[in-house]
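Next up: a single chain in structure tokens, the form predicted on its own.
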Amino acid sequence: MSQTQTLYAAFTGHLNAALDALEAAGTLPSGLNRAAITVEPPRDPAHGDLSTNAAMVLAKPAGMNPRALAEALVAELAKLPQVTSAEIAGPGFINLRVAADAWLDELRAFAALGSDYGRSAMGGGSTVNIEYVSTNPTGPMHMGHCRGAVVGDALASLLEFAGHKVIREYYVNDAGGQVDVLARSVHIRYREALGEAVGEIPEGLYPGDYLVPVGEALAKEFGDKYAKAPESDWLVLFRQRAVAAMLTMIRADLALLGVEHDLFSSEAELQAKGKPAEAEKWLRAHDLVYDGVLEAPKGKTLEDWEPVELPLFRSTKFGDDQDRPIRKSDGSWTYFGADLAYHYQKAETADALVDIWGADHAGTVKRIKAAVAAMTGAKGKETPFEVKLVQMVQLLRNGEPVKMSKRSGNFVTLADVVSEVGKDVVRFTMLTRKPEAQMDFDFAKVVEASKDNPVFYVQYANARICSTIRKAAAEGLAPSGEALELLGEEELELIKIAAQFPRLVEAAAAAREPHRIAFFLHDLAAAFHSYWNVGNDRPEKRFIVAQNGNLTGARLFLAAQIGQLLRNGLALLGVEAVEEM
């Protein structure tokens, strides 16, 4: 293995070379699909260091018995100098034990690659458009938006690290009825700024105090010009100014979380350019939109429901339970009609699309995926499109639900939460569970200095490493890779866990699941803390053994590289690796 080639990549290469040798010998037919073959740790560490399913994957298409193929592969793999044993398990899995020298080489690779350890060319430079947050521009960010923002931003960083070009996009829903409601709400604040007693904000409008500065700015600019004017005179202007103000606020809120987008796409601009009409024309030409009447909603009778002919997209053709209207009865676009045009536009500039949505949008996933599949597939190559659903977060304080924010009107703002617990705590916590799982965010627990708090647990591991290296330096000791052969089995176990990082980066990127990186960091921190605790009871196992400079140098070198991997992983999550706590 070369100095900068990671161990899992090297053994994937060795496995492919072994398969090539079997093909050359006529044992295996050539041209078999190897895409599903894996090289990974066995589920039970007692079975070895590495495991591969190659014989299980290839046996059937090769017309061979899995164990017979496994035996042929084992004969090839056993020739490798890094392999100390190769065994067959069950119906044909192959387990390998790897020599200590190979793991020490991997430790050197940690150091040689540094912040690039784990970086992959898997993406091949292909462009992925990730759309996330995309909250309606009607107020400040609240914690309901936070989880999707963190998942999307961490996924973008992960995909870049895995070799993709990434477009971070925010879709501004500035063409629907909600922005007219926003404009009317701002008009009240505008009149209030002029001295009018407006009383309680009417139900159905946005009551938050965050609109007060917007009204004041309009009053300063226009005086009382629109105070008594009919709505038709000011609605469009106030809508534009209000949306612009809200986007400035949203950008500032996202910046507090360390989130920045490359592109803000306007739904209003999309419609003004006639993109939904172009999409409808194209869909009709391909018999994917027709004029029809929807079935009556369940529970409705002919007395209280009037059938209306609408342009319908044939989403049942793609697995949806009914065809979907792209226009309303008044001729305006449905959200779906505008959305399919928007996604078609995105597909023209990216090789793959990923949307991060709240779980409350689950019902629209099938139809938009059907539309994108239809429109891009008809061009000759369907653009891969995934929707990741994110569950809401319940805010608690010592187990009790948190009261709402007065400033926002009816929710807890993201800015308030980041101000109280910090960006890093918020970001890491949002990735400690799969996004589709429910999450509780307890203000007391997320700042707790205990091993039960994963944020603290991971950051403390890096802080401990930094503290140990500082202490060693004060004693004239430093990390050294000169005597790594002095490291024993317990130290090698740490290396084995850390060495999984490049493999996990690729797996997490392929699955579009950045939370896997958080899980890995927790496992690595746990292994480090466990090793540290051994030294509490056995002084000879401590990182600093004053009477043995060579061993101390080797252990400090190991600690320094574990710290580097923690920093690499935390950087993907957008979390700072603190050096002291």
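Start at 1 and count along the sequence shown; that's the residue number. Small disclaimer: the values here were computed from a predicted structure and weren't measured. Between two forms, the rigid core is defined as the largest C-alpha subset superposing within 1.5 Å.
A second form of this protein, the form predicted in complex with the RNA, is not displayed here; the remarks below concern that form.
- This chain lacks the partner; the member of L486, A478, L263, A89 within 4.5 angstroms of the RNA in the predicted complex by a non-hydrogen atom is A89.
- For the residues L524, M56, M64, L551, the 4.5 Å heavy atom test against the RNA in the predicted complex is passed only by M56.
- Contact annotation for H164: none of its heavy atoms lies within 4.5 Å of the RNA in the predicted complex.
- Under a 4.5 angstroms non-hydrogen atom cutoff, the RNA in the predicted complex has K328 among its neighbouring residues.
- Taking the partner from the other structure, the RNA in the predicted complex has no heavy atom within 4.5 Å of any heavy atom of T376.
- Although the partner is absent here, P230 is not a contact residue: none of its heavy atoms lies within 4.5 angstroms of the RNA in the predicted complex.
- Contact with the RNA in the predicted complex, defined as any heavy atom within 4.5 Å, is confined among 345-353, 329-337, 281-289, 189-197 to 329-337.
- Relative to the RNA in the predicted complex, residues K60, S530 and M581 are all within 4.5 Å by at least one heavy atom.
- Residues N173, G176, G177, Q178 of 154-178 are found to place at least one heavy atom within 4.5 Å of the RNA in the predicted complex.
- When the rigid core is held fixed, the Cα atom of W282 travels less than 2 angstroms between the shown form and the other one.
- A movement of the C-alpha atom of E269 falling short of 2 angstroms is seen between the shown form and the other one when the two forms are aligned on their rigid core.
- The two forms, fitted on the rigid core, differ between the shown form and the other one by 2 Å or more at the CA of F93.
- Shown here is a form in which the CA atoms of G569 and V446 lie at least 3 Å closer together than they do in the predicted complex.
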